[in-house]
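Taking the form predicted on its own, here's one chain by itself in structure tokens.
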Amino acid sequence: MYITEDGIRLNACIERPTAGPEKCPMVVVIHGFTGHMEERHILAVSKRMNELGFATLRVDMYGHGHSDGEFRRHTLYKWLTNALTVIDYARGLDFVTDLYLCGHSQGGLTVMLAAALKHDVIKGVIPLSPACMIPEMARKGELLGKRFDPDHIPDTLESWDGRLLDGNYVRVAQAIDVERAIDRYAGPVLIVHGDEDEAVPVEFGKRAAAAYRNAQLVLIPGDNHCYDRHLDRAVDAVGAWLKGRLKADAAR
């Protein structure tokens, strides 16, 4: 299926629990930079959510997976408007009760920004290895494994995997205020981070968790950015947190 935003088709997939009530909460799940919605870690956390009684809406963001748009022209602003469109779509589904957001890496940063803008309708947020450092590194001129003059950004940059990015990716990133986004969301947050993350230093996850008003941080010892070594522990952490949210709702 596709969700359309201003003529751009976003490839998406809705999966509902195999058993349970007719209506249920939903989690929007967003992949990371260069990723897509069929990645191993995205599928694993989504499956656990379905097992617990949550519907999931996985989506390929602009320029990624099977969605429209050129990779080189994607920016955090485009991903953020994608996320807002997907949230509005999910809210319009008649079987959805509460709405949660989950994102990995750049998708983790995206759901943090989206939760700040939609703080009144998002029940909880799960940033996985969130790439909170992108705006800070863009302002320093150290991004994508490259160094550049942050005041004279080149028109084209080469990513660490050889793919090209428009300089506007950096310009947009420089304008993002992560701290303000964190301050605007008071709901429950779960941050899961491998303590040997090679792409996003774990200190950024710790810093974000400390800044949120209602956050839990789960570190996965010896694991990397995509939980290639201990994916089961990351999935268990997400599952335990979501079970806690269900119990808290039932107690009300």
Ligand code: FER
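If you're wondering where the values come from, they're calculated on a predicted model, not measured in any experiment. Numbering starts at 1 and runs along the sequence shown.
Below, we turn to the form predicted in complex with the named molecule, even though it does not appear here.
Chemist: Tell me whether Gly32, Ile134 and Leu144, taken together, all sit within 4.5 Å of the named molecule in the model of the complex, counting heavy atoms only.
Modeler: The answer is yes: all three residues contact the partner (heavy atom, 4.5 Å cut-off).
Chemist: Could you spot which one of Val202, Ala199, Leu52, Ala215 gets a heavy atom to within 4.5 Å of the named molecule in the model of the complex?
Modeler: Of Val202, Ala199, Leu52, Ala215, the residue with a heavy atom within 4.5 Å of the named molecule in the model of the complex is Ala199.
Chemist: Identify, from the list Arg207, His36, His225, Arg48, the residue with a heavy atom within 4.5 Å of the named molecule in the model of the complex.
Modeler: Only one listed residue qualifies here, and that residue is His225.
Chemist: Choose one stretch from 113-121, 89-97, 178-186, 126-134: the one whose residues place a heavy atom within 4.5 angstroms of the named molecule in the model of the complex.
Modeler: The contacting stretch here is 126-134.
Chemist: Can you check whether Ser105 is within 4.5 Å of the named molecule in the model of the complex, heavy atom basis?
Modeler: Contact check for Ser105: yes, within 4.5 Å of the named molecule in the model of the complex.
Chemist: Enumerate the residues of 147-165 that have a non-hydrogen atom within 4.5 Å of the named molecule in the model of the complex, in sequence order, or give none.
Modeler: The stretch touches the partner through Trp160 alone.
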